[in-house]
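To begin, one chain is listed below as structure tokens, in the form predicted on its own.
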Amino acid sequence: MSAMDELWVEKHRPRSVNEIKGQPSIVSRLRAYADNGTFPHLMLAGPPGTGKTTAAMALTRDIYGDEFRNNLLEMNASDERKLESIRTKVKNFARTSPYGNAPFKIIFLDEADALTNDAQGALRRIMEQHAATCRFILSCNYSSKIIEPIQSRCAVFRFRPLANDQVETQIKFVAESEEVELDQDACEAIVRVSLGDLRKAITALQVAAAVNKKVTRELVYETTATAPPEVLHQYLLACREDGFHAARRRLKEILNNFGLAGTDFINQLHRTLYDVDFLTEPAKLELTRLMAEIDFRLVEGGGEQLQLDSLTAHISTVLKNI
């Protein structure tokens, strides 16, 4: 299975903005830029795996064609995040003339929210000085980490997580291309695990297919370290019906069988919480508050076993009072 290998991704990556899936409003705006042959500085913001890098590369291809790399500097700002990288590599590229008959060069800074404040301060001046011969495309997961002067110089595109049916379509395409037998239940499990992140979905398919070319629902949950919804339902039922000690044993089984850390378990339980029929609305609200508190304690360094036992005790108390 080579779906996430560089050559596979390069072969199947959209070569035009028209081929981008799941972001119709963004595609229409990028299409207008490609038709005009020019665009302002851009900032692509949104969750991982939603097509930001693909959109930047597709727009560059539309403007320059197959020779796009002659006028493109692609950098991962999380690797080169210091002031020196901006003052040397970026500035030297921006100040030189475009190759051939191109109207301008493009500098693509991936993960730009990892740039230090000093580096962003230098970048804002370069963007202003060399706007005539160079355009910047910045991608980031959190636009709030980009300083306001840079945001005001950019046209901002906000990507959203892909819809479940769009992720399912792409996963089936990858499975067919790689000759992997994918059950429908397994495909739905991958969609659930991915949370709208197509890169995460393809990785889940790759890992499962490396174990067995016939990908099943059980295999997906096993290889992604994710507890199936019914297992989490059983934990909540044990809290309500069997009491603290039985629920605690059930919790240990879940952690051991699926290799979950405490925060992973809480996040997955929180997702499942709202699909449980026997919980009232006030109970769901109270349990959400408890999970947030325990999650905060774990992040701050609280003992995992003690905090999860505390969560189990609180859930048992709340459910017995329904």
Partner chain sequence: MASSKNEHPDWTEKYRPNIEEELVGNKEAREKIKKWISEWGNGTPKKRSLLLVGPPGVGKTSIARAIALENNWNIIELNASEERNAAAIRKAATSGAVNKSLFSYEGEVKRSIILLDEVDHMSGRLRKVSENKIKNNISNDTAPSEILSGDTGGKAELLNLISNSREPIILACNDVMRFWGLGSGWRERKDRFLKKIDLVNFNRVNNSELRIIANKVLKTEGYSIDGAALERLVSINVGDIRALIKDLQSLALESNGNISLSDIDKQISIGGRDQSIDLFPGLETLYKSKSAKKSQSIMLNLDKTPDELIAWISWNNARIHNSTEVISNGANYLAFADSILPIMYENNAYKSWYWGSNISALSSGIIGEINQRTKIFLQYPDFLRKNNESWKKSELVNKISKGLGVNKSSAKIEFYPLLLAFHNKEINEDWISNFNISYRHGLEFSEHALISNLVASHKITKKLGENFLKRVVEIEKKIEHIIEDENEVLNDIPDGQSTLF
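Residue numbers count along the first chain shown, from 1. Keep in mind that what you see is a predicted model, and the values were worked out from it rather than measured.
Keep in mind that the form predicted in complex with the partner chain is missing from the display, and what follows is about it.
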Stretch in contact, per heavy atom within 4.5 angstroms of the partner chain in the predicted bound form, of 205 to 213, 132 to 140, 247 to 255, 177 to 185
132 to 140
Check residue 275 for me: does it contact the partner chain in the predicted bound form (non-hydrogen atoms, 4.5 angstroms)?
yes
Verify the contact flag for residue 157: yes if a non-hydrogen atom of it lies within 4.5 Å of a non-hydrogen atom of the partner chain in the predicted bound form, no if not.
yes
Answer for residue 148 alone: is it within 4.5 Å of the partner chain in the predicted bound form, judged on heavy atom distances?
yes
Spell out, yes or no, whether the shortest heavy atom distance between residue 260 and the partner chain in the predicted bound form is within 4.5 Å.
no
By the heavy atom within 4.5 Å rule, which residue out of 217, 153, 233, 199 makes contact with the partner chain in the predicted bound form?
153
Is every one of 32, 281 and 284 in contact with the partner chain in the predicted bound form, taking contact as a heavy atom within 4.5 Å?
yes
Going by the partner chain in the predicted bound form, which residues of 112 to 140 come within 4.5 Å of it through any heavy atom?
117, 118, 121, 122, 124, 125, 126, 128, 129, 131, 132, 135
